[in-house]
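Given as structure tokens, the chain that follows is alone and in the form predicted on its own.
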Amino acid sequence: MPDLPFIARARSFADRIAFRTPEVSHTYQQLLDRSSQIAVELLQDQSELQEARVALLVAPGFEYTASQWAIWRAGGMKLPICLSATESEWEYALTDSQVGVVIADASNAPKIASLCQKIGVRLVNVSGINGNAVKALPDIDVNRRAMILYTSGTTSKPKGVVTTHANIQAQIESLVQAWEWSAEDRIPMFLPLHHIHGIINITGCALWSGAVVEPFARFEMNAILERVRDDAYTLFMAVPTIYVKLIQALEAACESDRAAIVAGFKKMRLMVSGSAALPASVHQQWTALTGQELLERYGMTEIGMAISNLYRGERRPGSVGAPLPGVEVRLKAENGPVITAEDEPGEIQVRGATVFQAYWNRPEATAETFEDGWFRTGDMAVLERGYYRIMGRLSVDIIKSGGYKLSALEIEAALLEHPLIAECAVIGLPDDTWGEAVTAAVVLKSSTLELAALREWCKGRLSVYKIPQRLKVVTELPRNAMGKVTKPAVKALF
């Protein structure tokens, strides 16, 4: 049986740079050699891992990906865990997925050592693996299970999303085709590598294409902007919060610095925003500052990316675009029928090779989330002039008030145009009269804001039933590791 496809492709890029930092660069051949070395250590006296779960607690970069490839080449299932999670969060993920081995680097191994000892899990310090051990690695079929990613768990305990090698390959190939990746591309990687955005959209696509990845431990703005100034990148992918921070930094910079950095952004061939809704106002501000039209897309842990604005075509603010290559999308009304007309809201359902296999050890949850082979995303959208516009999660972003279904995201986009509002989150709270009352939590740029003044400002901008009925001014909005506002936590503020 031939190599897994990502290994075969890496061999064709053997002498090219895969990872580059200010201190050192590593080629694809070094990545192959190092992953083989780590795989041998994982196998010990076994011929293959037989889909045993191996957790990964390694800083982003060469060693992370070498460890990931090692797990796959040895026949294991990768479980990436958050570097900054609490011990109880680690314990839940490790015990729920029945992990047998944890791979950690020198800085993270001491942090998880006591937990590994407590639950009887083998800890491998990747920083200590050396030597030239040689062992034939097993042949792995692409239809075998490759990875478990845990969902955020906002409504229940996090569920493990199981994807096969074939799923991962389909997710990567769809984006490589749609966004025209090539071996000449160069991209920074500063997003967490326990989320699909960093694993698939950035690192996966880059290494599939023979491109160069520059890893950062976190979003280190000054260092990243220096590299942008140096024309280091052809692509850039971030979450909306990061674009907001970049706008603030550019506006605060002196004219010469701003001009040099903006010139670097202008030369990039593609800039993408995802993992949360991009407010149209941020989209427009970024274009005005840099000349770049951000490409917004839609996806989730269970399906990879499903919908995207066009690389060569319209990038419409407030919309996520059209289905990606190899992905089928439909809208389904709450009362059952499939929606075929535009301007009628329904739940996004997705089908195709990119869709995950199952939730780990949760057959009932898996069955509930599929309908006739279509994955039910739980997100509401409407099709407008050929592009999908996300209305929000059925559970937290769709507000049922006075008989209307209101999109919290649409109301948030309008409120962000208020001169005093820096950030906002809109939710529905129980109300005897309306069913749910439109409620806004806002972070102000300065001064104060009263509900009456906000409601007056909203007139003519929002339909009367979309105008907030309650208001709370906060110093910051609760966010998860990806910078996404967590609506259940917002509700707790009231």
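Numbers for residues come from their place in the sequence shown, where the first is 1. Please read all numbers here as calculations on a predicted model, not as lab measurements.
As for the form predicted in complex with a small molecule, it is not shown, yet the points below apply to it.
Candidate site formed by S275, R297 and D379: every one of these residues places a non-hydrogen atom within 4.5 angstroms of the small molecule in the model of the complex.
Residue in contact with the small molecule in the model of the complex (any heavy atom within 4.5 Å), chosen from A146, I411, I187, I390: I390. Proximity to the small molecule in the model of the complex, defined as a heavy atom within 4.5 Å, singles out one entry of Q357, T151, N125, Q292, which is T151.
In summary, the region of this chain contacting the small molecule in the model of the complex, judged by heavy atoms within 4.5 Å and restricted to 281-289, 325-333, 300-308, 178-186, corresponds to 300-308. Proximity of K405 to the small molecule in the model of the complex: non-hydrogen atoms within 4.5 Å are present. The small molecule in the model of the complex is approached by K400, whose closest heavy atom lies within 4.5 angstroms of it. Put simply, V320 is close to the small molecule in the model of the complex: some heavy atom of it is within 4.5 Å.
In the model of the complex, the separation between the C-alpha atoms of G435 and P337 grows by 3 Å or more relative to the displayed form. In the model of the complex, the Cα positions of T241 and L406 lie at least 3 Å nearer to each other than in the form displayed.
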